[in-house]
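Taken one at a time, structure 1 and structure 2 that follow are two forms of one protein chain, written as structure tokens.
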Structure 1
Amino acid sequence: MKILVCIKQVADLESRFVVPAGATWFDEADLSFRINEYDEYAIEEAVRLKESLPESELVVLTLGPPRAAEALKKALAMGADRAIHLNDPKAQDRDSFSVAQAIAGAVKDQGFDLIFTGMQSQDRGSGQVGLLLSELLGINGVSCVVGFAKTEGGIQVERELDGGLRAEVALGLPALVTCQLGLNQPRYPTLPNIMKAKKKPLETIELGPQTAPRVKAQGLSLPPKRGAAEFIEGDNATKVAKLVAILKEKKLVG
């Protein structure tokens, strides 16, 4: 079985984001980057499947600027066999369709039986690229997956719906699955595996100029302050005293 997992490197969301005047994306200077959390579940599920099917190959792919190669190295250390970096220093200017189109172009002739991706990225959160890719490749696709099982001739997955309900869905191969948080427990790479990963092949493909996006980014801004949260600051004792007073005033404590 040939397995592909598509991942994205994103900024740490705990960061303080700075948007330069007139810019459509935040300034990346001084930020730290990591694998998109949803994609870690995708990698883990793909590695487990590969481990259960000895004759299989697991390829990890990302589309991103040069820094994104680090994410591929971690995926290799988690258990992927080789990596493909679709390098685009201006990747942030692409819309979801443009990303999916570039990935489809790179993998369409490689005969993957199963493709895993995260169900969305933590930064843009559009949740589009996975299913755009399966549609462009003309294969089965299913989203929001919290349960995965290989069956005779296909797969059966559980999709997470609102309010704790799950839908069981069956589909044939080849297929693409987008992974929701909680699908598994992603592993931490061990030191020996990190060392081994350094010897695994990482191919860099330079992407050509971008075509015009279908959706144009016009701006990026801080959200309007809707809430009127009152900040309680100071030393610990002061904060505790203030909060106790509030709880008493609201008659939540005696």
Structure 2
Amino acid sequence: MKILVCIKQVADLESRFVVPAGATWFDEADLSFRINEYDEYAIEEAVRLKESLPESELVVLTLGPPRAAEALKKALAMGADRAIHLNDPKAQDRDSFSVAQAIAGAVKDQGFDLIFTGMQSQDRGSGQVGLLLSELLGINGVSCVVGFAKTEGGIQVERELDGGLRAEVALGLPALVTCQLGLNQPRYPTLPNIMKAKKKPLETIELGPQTAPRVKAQGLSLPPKRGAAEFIEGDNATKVAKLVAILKEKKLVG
């Protein structure tokens, strides 16, 4: 079996973000970066599947600027066999369709039986790339997967739905699944595996000029700062009365 995991390197959410005036993307100069959290679940599930099918091949792919190669190295240390870097210094200017189109063009002839992606990225949050990719490749696709099992004829997955509901879905191969938080517990790479990863193949493919995006950002800004918290003193009855008065004053209750 040939398995592919598509990942993305994103800015660490603990970083201090700066958005220049008039910009459509944040300043990356002083940020630290990591693998998108949803994608870590995708890597872990793919590695577990590979461990149960020793003859399988596990490939990890990312589309991003040169720094994104670091994300691939961690994925290799987690258990992937080889990596593909679709290098694009202007990757942040791509919309979801452009990203999916570039990935589809790179992997369509490689015969992958199963593709894992994260449900969404932590920077864009569109949740579109995975299912767009399945459509472009002409294969089965299912999103928001929180349970996964390989079956004799394909895969059996559990999807998370709105309102806390879940649904069981059976798919034939080839197929693509997008992984939701909580699917598993991603592993930390061990030192021996980090050393082994340095000898694993990492192929870089330079992407050409982008076509005009179908969706274009018009602007980007940080949310307004919240005011300081207000503490209410007194016994319970006093606190309730003061809280109701504040809510009415702010017209949050009738």
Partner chain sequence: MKAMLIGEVVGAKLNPSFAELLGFAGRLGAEVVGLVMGDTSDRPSFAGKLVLAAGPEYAPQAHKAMVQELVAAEKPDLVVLVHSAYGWDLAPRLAVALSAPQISEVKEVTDGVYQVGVCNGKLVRQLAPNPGLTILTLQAGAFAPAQESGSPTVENKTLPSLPGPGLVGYKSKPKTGVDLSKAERIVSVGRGIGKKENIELARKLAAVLKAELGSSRPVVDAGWIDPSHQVGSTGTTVAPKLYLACGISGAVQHLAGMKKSELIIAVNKDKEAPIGEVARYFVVADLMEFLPALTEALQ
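Predicted, not measured: the structure shown is a model, and the values here were computed from it. Superpose the two forms; the largest set of C-alphas matching within 1.5 Å is the rigid core. Structure 1 provides the reference sequence; residues are numbered from 1 along it.
Note on provenance: structure 2 matches the form predicted on its own.
Superposition of the core reveals a Cα shift of 2 Å or more for A241 between structure 1 and structure 2. Remark: with the core as the superposition reference, the CA shift of D162 between structure 1 and structure 2 reaches 2 Å or more.
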